[in-house]
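Next up: just one chain, as structure tokens, the form predicted on its own.
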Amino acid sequence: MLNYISDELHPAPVNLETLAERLKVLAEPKRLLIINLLIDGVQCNCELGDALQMAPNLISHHLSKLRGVGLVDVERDAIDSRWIYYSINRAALDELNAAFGAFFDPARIQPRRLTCGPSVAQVSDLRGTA
């Protein structure tokens, strides 16, 4: 499992596999546009297709990828189950926001540790002469 940042086993503040999987799916610009539209509210395939000028099969493909990583929820119409409505999975969005906040937190930045390079040799020489 990808939960460590380096060979020195510094634990990452989040599950990096989940974050990477979601980022990979969101790296497609059309999917980001779909997410943007769904943040505005629940929509059906045809509404998304009209807004993005995309064929229904392409919208379905992108929605399938977004659903696969849990970012989008699906609900069938109560009257006519042929109609499907898509919405943001609020819990997944909250989790993604928390993961970004934790992973990219500037407070995690640490000063350089002297373990190699000319600076280490100088420190070692100074310690040897002291």
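All residue numbers are counted from 1 along the displayed sequence. Everything numeric here is computed off the predicted structure, so don't read it as measured data.
Another form exists, predicted together with the DNA; not displayed. Remarks below refer to it.
Between the options 46, 98, 42, 91, the residue in contact with the DNA in the model of the complex by a heavy atom within 4.5 angstroms is 46. The closest heavy atom approach of residue 28 to the DNA in the model of the complex falls within 4.5 Å.
Contact between residue 50 and the DNA in the model of the complex is not found at the 4.5 Å heavy atom cutoff. Among heavy atoms of residue 68, none comes within 4.5 Å of the DNA in the model of the complex. In the model of the complex, none of the heavy atoms of residue 103 sits within 4.5 Å of a heavy atom of the DNA.
Along 60 to 89, residues 60, 61, 62, 65, 79, 80, 81, 82, 83, 84, 86 each place a heavy atom within 4.5 Å of the DNA in the model of the complex.
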